[in-house]
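Encoded as structure tokens, the following chain is the form predicted on its own, with no partner shown.
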Amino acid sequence: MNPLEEFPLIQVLNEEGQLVGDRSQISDDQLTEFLRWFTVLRTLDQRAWNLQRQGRIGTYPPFSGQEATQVGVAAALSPEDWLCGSYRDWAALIYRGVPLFYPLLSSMGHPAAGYLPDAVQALPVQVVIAAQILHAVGLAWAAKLQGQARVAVSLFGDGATSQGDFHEALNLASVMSAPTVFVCQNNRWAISVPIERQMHSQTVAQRAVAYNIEGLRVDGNDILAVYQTMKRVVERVRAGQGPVLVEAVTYRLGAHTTADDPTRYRPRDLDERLRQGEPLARLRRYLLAHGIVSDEEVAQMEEEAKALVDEAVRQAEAFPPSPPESVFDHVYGELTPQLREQRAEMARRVSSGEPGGGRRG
């Protein structure tokens, strides 16, 4: 078996922004709206990087380059479906309905970022690598047991496929026919480790064979391919035809986090080549070339995005600070006696300004 032939890359819009496939399921208005979202998300991501460098937020994981996968996945879901993402999947959550300031609040370390709006069917972002994949299977299995027509989708990176949780999740979903869609954002690097040093498989998608589920590969920088593929996959899974593994081949434009320097491990020529097909530029080229949007409309989108992000920064920085002792409040439903004592002691030290009490804000 040649995995590259067995799992061909699904593509509708190529790297140059030329249509090479069928886009009959998506209108000009939808594509324009996707470009508007890409513009807002890219503006937010770049501002977050700058805010971290200014010391206004903590460590931040940029998602630039992966917008097509995240937006395409979120757009294909119904409101009742579950979305389980990692710390890099804020673009999907924002498209799903999470306010724009949440990623900033999260990087400030504020616990309120863990409380997503009730109307958004999604779990808080997961920092533990691959843990959300198991959570998605649990949600999907529960929905099946309750007779609900719900699908659970998990987003994760290629590095997560090296974890046992990934394999356990696929096995359990397969055995239980849990309505789960596993979406691997193969951005080619697990921090500084390239994909070829993580696995000897030619594709992530072929790993589906071991669990007797369907596996697909899609161009993760092509919003048309991701959205249309995910629409088909989600409805197939919703109809009870079993879980699916989707490998979205993409590229992380920036660093792993603001604590990383990708120039130390990514060859410059490779980086320059892979940047050519990034999602925002690709979609913009297509829409401009076909007169679906104008240069003036693109400029207006950029101005509107800047205003929205300015407001998001203002909201995040104006958020009421959380007292240091609140670290005890978000783990157990009821604190143990020892933790109650520790919380009271920290609160006393904070109020008296003693060493070890931390500071508010």
Partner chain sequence: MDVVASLTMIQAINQALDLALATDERVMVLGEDVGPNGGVFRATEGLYEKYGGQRVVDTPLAESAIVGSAVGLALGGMRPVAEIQFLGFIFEAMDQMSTQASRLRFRSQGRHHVPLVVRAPYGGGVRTPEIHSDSLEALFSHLPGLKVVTPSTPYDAKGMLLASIRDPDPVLFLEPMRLYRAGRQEVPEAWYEVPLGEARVVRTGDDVTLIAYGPMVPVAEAAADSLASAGISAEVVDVRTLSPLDLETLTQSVTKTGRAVIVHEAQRTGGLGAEIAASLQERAFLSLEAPITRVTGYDTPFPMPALEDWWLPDVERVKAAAEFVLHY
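Numbering follows the first chain given and starts at 1. Keep in mind the model is a prediction, meaning the values are calculated, not measured.
Although it is not shown, the form predicted together with its partner chain is what the next lines describe.
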*Residue (of Pro99, Gly254, Pro124, Gly277) lying close to its partner chain in the model of the complex, criterion heavy atoms within 4.5 Å*: Pro124
*Would Tyr95, Val309 and Phe319 all count as contacting its partner chain in the model of the complex, using a 4.5 Å heavy atom cut-off?*
no
*asked:* Since only the chain is shown here, I'm wondering whether Arg349 would be in contact with its partner chain in the model of the complex (any heavy atom pair within 4.5 Å).
replied: yes
*Using 4.5 Å between non-hydrogen atoms, is Val246 touching its partner chain in the model of the complex?*
no
*Glu341: touches its partner chain in the model of the complex, heavy atom cutoff 4.5 angstroms*: yes
_Quick check on Glu168: any heavy atom within 4.5 Å of its partner chain in the model of the complex?_
yes
*Can you pick the stretch from 232 to 240, 69 to 77, 263 to 271, 283 to 291 whose heavy atoms fall within 4.5 Å of its partner chain in the model of the complex?*
263 to 271
_Partner contacts for 106 to 122, taking its partner chain in the model of the complex and a 4.5 Å heavy atom cut-off_ = Ser106, Met108, Gly109, His110, Pro111, Ala112, Gly114, Tyr115, Leu116, Pro117, Asp118, Val120, Gln121, Ala122
